[in-house]
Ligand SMILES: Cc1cc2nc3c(=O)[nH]c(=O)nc-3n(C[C@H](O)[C@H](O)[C@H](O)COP(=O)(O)OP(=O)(O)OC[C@H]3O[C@@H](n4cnc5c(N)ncnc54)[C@H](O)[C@@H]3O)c2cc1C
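One chain is shown next in structure tokens, namely the form predicted alone.
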């Protein structure tokens, strides 16, 4: 059997921060690996991140993504652009990933398929993200919103917690509660008032953004509110289906349960980045990937 016909040491499904970090580690361990990527990494939505170590002035998400791709290729791990439709595991423990473009076999798999932010209906959302009028991650960039008029759009506990988080940066925060404030305990509403957070209970009818004009929100009640920044807190969809189809356990939100080596309960199947249980951050994804890649290397 030629080397080309032999199974890969590791197949990495997902080419964002986690997948590409795993590729660098496995390439430097001189293992045969391949990244299969559908091209939907959340890195592409980041206008500029200042949380990445070594870039105190920030780096654009797409630039970081390109650098990480080049880094992986430099150590012999290429990326195949494709969307994996199914992942199978044989009785012998060999994995096969299939897409419309082909099939790939590997002894181990790192699932780094990430997650997708649930976005409200906003015309020109991509432009608003690039301009900073709409932001998805206050952990990533709350520091950059200091002293602004900030709206948080989200229901019940999720929206309430994010409103409190954003208020810690000295912002003038309004929680757009989408008619869910009655689902929140009175003591938590008192906590909002103590933090100076306004509550707008009526659901938004129109959200409009424009460069240099901030965010305009028209509520169903007819009230019109204006903000500098909007944080949608509508949750994430974690892309765990390939793993759960094999019997991997996931939390109710779709994040995969993993052990200390990032392995799911399916032997040989690892998860790294936003799809696995932990804080959704680039640095955390890189840490997951380093742990998973090293665990696989030590098993080969």
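Residue numbers count along the first chain shown, from 1. Computed from a predicted model, the values in this text were never measured in an experiment.
In what follows, reference is made to the form predicted in complex with the named molecule, a form of this protein that is not presented.
A.B. asks: Can you check 40-48, 243-251, 22-30, 256-264 and let me know which stretch has heavy atoms within 4.5 Å of the named molecule in the model of the complex?
C.D. replies: Only one stretch qualifies here: 40-48.
A.B. asks: What is the one choice in 172, 83, 216, 105 with a heavy atom within 4.5 Å of the named molecule in the model of the complex?
C.D. replies: Going through each option in turn, the one that passes is 83.
A.B. asks: Using a 4.5 Å heavy atom cut-off, which residue among 128, 184, 164, 140 comes into contact with the named molecule in the model of the complex?
C.D. replies: By the 4.5 Å criterion, the partner-contacting residue is 140.
A.B. asks: Do residue 109 and the named molecule share at least one heavy atom pair within 4.5 Å in the model of the complex?
C.D. replies: So residue 109 does not count as contacting the named molecule.
A.B. asks: Evaluate residue 227 for contact with the named molecule in the model of the complex, applying a 4.5 angstroms cut-off between non-hydrogen atoms, and reply yes or no.
C.D. replies: Residue 227: no contact with the named molecule in the model of the complex.
A.B. asks: Whether residue 117 contacts the named molecule in the model of the complex should be assessed with a 4.5 Å heavy atom distance threshold; does it?
C.D. replies: Flag for residue 117 set to yes.
A.B. asks: Quick one: is residue 10 in contact with the named molecule in the model of the complex, heavy atoms, 4.5 Å cut-off?
C.D. replies: Residue-level check for residue 10: no, no contact with the named molecule.
A.B. asks: Which residues from 240-273 come close to the named molecule in the model of the complex, meaning a heavy atom within 4.5 Å?
C.D. replies: Heavy-atom contacts within 4.5 Å come from 242, 272, 273.
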